[in-house]
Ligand code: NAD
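First, one chain by itself in structure tokens, the form predicted on its own.
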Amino acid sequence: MTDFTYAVDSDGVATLTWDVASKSMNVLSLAGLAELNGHIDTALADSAVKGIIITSGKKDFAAGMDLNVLARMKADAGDEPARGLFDGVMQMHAVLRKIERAGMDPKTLKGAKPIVAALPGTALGFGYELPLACHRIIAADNPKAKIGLPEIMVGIFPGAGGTTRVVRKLGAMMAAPVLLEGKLHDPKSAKGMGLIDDVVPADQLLARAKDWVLSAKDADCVKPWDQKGYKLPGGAPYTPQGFQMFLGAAAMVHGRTFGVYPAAKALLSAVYEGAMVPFDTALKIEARWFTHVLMNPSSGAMIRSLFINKEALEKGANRPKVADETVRKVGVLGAGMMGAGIAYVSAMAGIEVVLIDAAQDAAERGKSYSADLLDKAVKRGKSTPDKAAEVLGRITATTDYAALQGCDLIVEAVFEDPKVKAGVTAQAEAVIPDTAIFATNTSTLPISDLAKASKRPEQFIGIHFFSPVDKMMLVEIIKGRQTGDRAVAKALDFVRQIRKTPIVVNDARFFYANRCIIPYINEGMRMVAEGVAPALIENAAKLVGMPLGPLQLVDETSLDLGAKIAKATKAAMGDAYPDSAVDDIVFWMVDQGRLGRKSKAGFYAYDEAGKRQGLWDGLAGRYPLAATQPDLHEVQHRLLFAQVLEAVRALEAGVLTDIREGDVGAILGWGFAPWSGGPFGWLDIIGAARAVDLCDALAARHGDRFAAPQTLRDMAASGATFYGDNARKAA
């Protein structure tokens, strides 16, 4: 099997077509890199070849590099993994530099064979770094295509020359969103930014590429950075303008990452150092910093969770082996914020939707939520009026349950009240086919109890969407005691259709996500009651990688909801209820009318527009600051272990059955320190023995909630890790 095919036409234009047979999108492998290198050598050595087109045999150009390539480089190097990575990356640089120079005379800069990249669709990561080395980039006018360098999103940065070339192409200021934020662009937007050179009709792509090859002059084949007198756009770091720009960039990176993401810091270092030296030296600097990041355990953990494991779950890694359960028609019961969001993402996925509420005006308001989002998409150029109308036309807003006839999936999203949920379950089941699957959207109510209202409990399942539905990527699927495999498969296939990431857990109080996030919130409030400075609590959380501090998070979710959950939990658990100390502050805040952002008053103060104005200074009147404040690391460990230990307990209890789901769910569901790869990834980074020591110290000072689970103690004794073979057996 070959990844690249090579052909030369009668006009002397060679076409290199990338088409990896075993993949739906092209990804670079070591074998593919060797093939690419060989074909380039052949073309450059053949006097009959006037130029080269590099394109794809698929609808898209390439999704990047197979990240297993990096693991292979590291493993093959034995005792010198850093050397293996650096040498392997420099091999990629050598191939791309060969393409860039294309046989030109190094002194006169003449005689290069023109090389053009012809992109039929999406070009990401290495799929864009390869075109960057070509002399021209032409893309098909494909609005669905995405072009860019998203590596920073999975804990690395563009290391095959992308960082150096984009900075030299655009300047550090313009390159910042491309490199540091991983922003992707459609072809027209990419051309406007200067990332590509031309956008042409799709049916003219190869013809236009060939025309350019045959008309290109020597000057067209010399990159700006290879020309004498080249200056970095915006100024090099040692110029007055460049100094200010790089100073601002450093402040921006640290302001956004709080210093916990090694890739962002390394990228900035590669850019800063590389901007002060010749191009080829800059590539070596980029390779060194890229190797530095790859040797950091954070990088491996992020790649594993946010790329490899996330992709595996989205492809159905834990799907039961039953027939296809693609959803054709979905009924959504309840047109409030959650129901409206579910209707929108379903319609966007091409599914026919029946949106039901008790009153017609409420159902119409739910449909208008989709209309508003679609209008915004049209105004931003992300959709067209015709497409928006088509999507909206898939949603039927009604009060009539008879409209549910023919639905193969029902998603109930009414109030968190078992009686209300039972009522709509009965109404729906009187109409829907016997084969339909019934899913309840709930964040706390036990699925097995709710299933008692169903005539077919084996077809009853929980689907926990996170708010706002259109933005949050995680969906938690909950199996009740009687839930069957077909219901699980239907839920997974539905989540795949709406382009979300699913995790499957077993039924238990708070399931998995809320089971872990509630202790985080409670630990923050508990510290407030102890006299720990609220600013210390919030900043400690951000400095360890949490997107929101626990006090801001409870403001966002609302304190009255917290009070409601606390009362229900206490009623269910009785004397075993662990959070009475937290209830004091929650109920007091609610009594003060401080319900969070929605009331413009909570742990934070807000202006009339609902914008945070800082922590509420009235808190100290009720909970004065302690004379001695705890160490920053003490606060961070309390906040992290509050979540992590619940994740391990969920695994021990069988609520969580796959640590991949635990890590991916934690990052996507509530933003658990992405740099760590998730709670199990973090425990592997610090080691089970260290974790047990920290737990013992925290338990001695703060109570049994920090007691290390037996799984961790067993792993500490054996030296096992969660992602090692022994750890799987231990867990």
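All figures in this text were calculated on a predicted structure; none of them were measured in a lab. The numbering used is simple: start at 1 and walk along the sequence shown.
Below: the form predicted together with nicotinamide-adenine-dinucleotide, not depicted.
Stretch 328-336 is the contacting one of 237-245, 521-529, 328-336, 646-654, since its residues have non-hydrogen atoms within 4.5 Å of nicotinamide-adenine-dinucleotide in the predicted complex. Contact check for residue 420: a non-hydrogen atom falls within 4.5 Å of nicotinamide-adenine-dinucleotide in the predicted complex. Heavy atoms of residue 415 reach within 4.5 Å of nicotinamide-adenine-dinucleotide in the predicted complex, making it an interface residue. Contact annotation for residue 357: at least one heavy atom lies within 4.5 Å of nicotinamide-adenine-dinucleotide in the predicted complex.
Looking at residue 424, you'd find a heavy atom of it within 4.5 angstroms of nicotinamide-adenine-dinucleotide in the predicted complex. Exactly one listed residue, out of 261, 157, 369, 465, brings a non-hydrogen atom to within 4.5 Å of nicotinamide-adenine-dinucleotide in the predicted complex: 465.
When you look in the predicted complex, the only residue of 346, 441, 552, 122 with a non-hydrogen atom within 4.5 Å of nicotinamide-adenine-dinucleotide is 441. Interface residues of 266-282, taken as those with a heavy atom within 4.5 Å of nicotinamide-adenine-dinucleotide in the predicted complex (partner not displayed), are absent.
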